[in-house]
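To begin, one chain is listed below as structure tokens, in the form predicted on its own.
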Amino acid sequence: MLPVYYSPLRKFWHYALRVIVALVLLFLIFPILVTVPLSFNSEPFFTFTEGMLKLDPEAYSTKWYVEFFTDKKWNIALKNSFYFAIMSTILATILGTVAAVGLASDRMPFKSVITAILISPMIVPLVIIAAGMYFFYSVIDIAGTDFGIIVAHAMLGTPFVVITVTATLAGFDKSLLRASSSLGANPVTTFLKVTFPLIRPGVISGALFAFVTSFDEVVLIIFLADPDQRTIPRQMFSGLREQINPTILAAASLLILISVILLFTIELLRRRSENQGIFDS
């Protein structure tokens, strides 16, 4: 029920705003609403068949998902995607957490400049970063290596870790650090026993963002990877150019599922962090 003092214009805007928000959300999720049903098409087409529109059970099939999990190329791409994402996430989480803790120190000079440098991979166009890394990797001869790809993906994921951990540290009570030091704990023990447990939700959230960034990345892979280092996005990109196959839609649907699961996890961590802050206060 709207308050009785709302004017007719305000009541109109109240409902109009909800309609606008619903249309924007529909615009954003429309590709998902189309991709997922098409991945169950029994025919090798990227369009809704007459049987699908009539909800004929025979017009739907899971064979493209079966092909995704049984085809050798897709299996290699899946393995590479998880391998690069996990390894780069570990590296990005360590680097980003250390950087965020350092930036939270009052004795850190040039904080603004360092922060701008750390988050620059989020601002600079990815194709420029990929081209620059390709030339740099060619000089030091690590182009086409697993190490080079992991470092490149970690560079893209580190800004997310820095931002989330920095946001967590914004409400951190630094008197806890002084209390830990007064009780004889060294800096490493203080970080492991005091700082890290309190910033853990931010660290995990940043790690999940870094994982998604690496798992969905395709531009760096095109520039830096060898043919046997294809990931799922690269395999999808190649499939669209070489041979259009609905298996691409099955892969896209699985990527959507992974992203949704990770987003729900991040939201749960955010709420847990807020509840913890309320409890601590």
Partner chain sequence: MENTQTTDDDLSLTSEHTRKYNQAIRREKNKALLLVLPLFFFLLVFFITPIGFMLYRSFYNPTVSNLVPKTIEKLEQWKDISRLPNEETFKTLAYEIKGLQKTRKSGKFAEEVNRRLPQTGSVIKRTARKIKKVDLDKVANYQKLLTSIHKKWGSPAIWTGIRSAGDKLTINYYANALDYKLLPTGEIVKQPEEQRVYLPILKRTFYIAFIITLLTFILGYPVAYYLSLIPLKKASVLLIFVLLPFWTSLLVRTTAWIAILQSNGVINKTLLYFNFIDKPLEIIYNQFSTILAMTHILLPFMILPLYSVMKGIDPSYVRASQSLGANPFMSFIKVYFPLSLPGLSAGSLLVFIIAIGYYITPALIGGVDGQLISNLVAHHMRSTNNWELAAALGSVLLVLIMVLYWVYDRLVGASNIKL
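By rigid core we mean the largest C-alpha set that fits within 1.5 Å across both forms. Numbering follows the first chain given and starts at 1. Computed from a predicted structure; not experimentally measured.
Omitted here: the form predicted in complex with its partner chain. The next part is about that form.
Among the residues L78, L95, V194, M87, the one placing a heavy atom within 4.5 Å of its partner chain in the predicted bound form is L95. Relative to its partner chain in the predicted bound form, residues P125, I128 and S259 are all within 4.5 Å by at least one heavy atom. Residue contact check for P109: one or more of its heavy atoms lie within 4.5 Å of its partner chain in the predicted bound form. Remark: L268 does not count among the residues lining its partner chain in the predicted bound form, judged by a heavy atom distance of 4.5 Å or less. The closest heavy atom approach of F223 to its partner chain in the predicted bound form falls within 4.5 Å. Within 4.5 Å of any heavy atom of its partner chain in the predicted bound form lies no heavy atom of Y65. Residues of 33-54 lying near its partner chain in the predicted bound form, listed in sequence order, are V34, T35, L38, F46, T47, F48, the criterion being any heavy atom within 4.5 Å. Shown in the overlay between the shown form and the other one, fitted on the rigid core, is a CA shift at L17 of 2 Å or greater.
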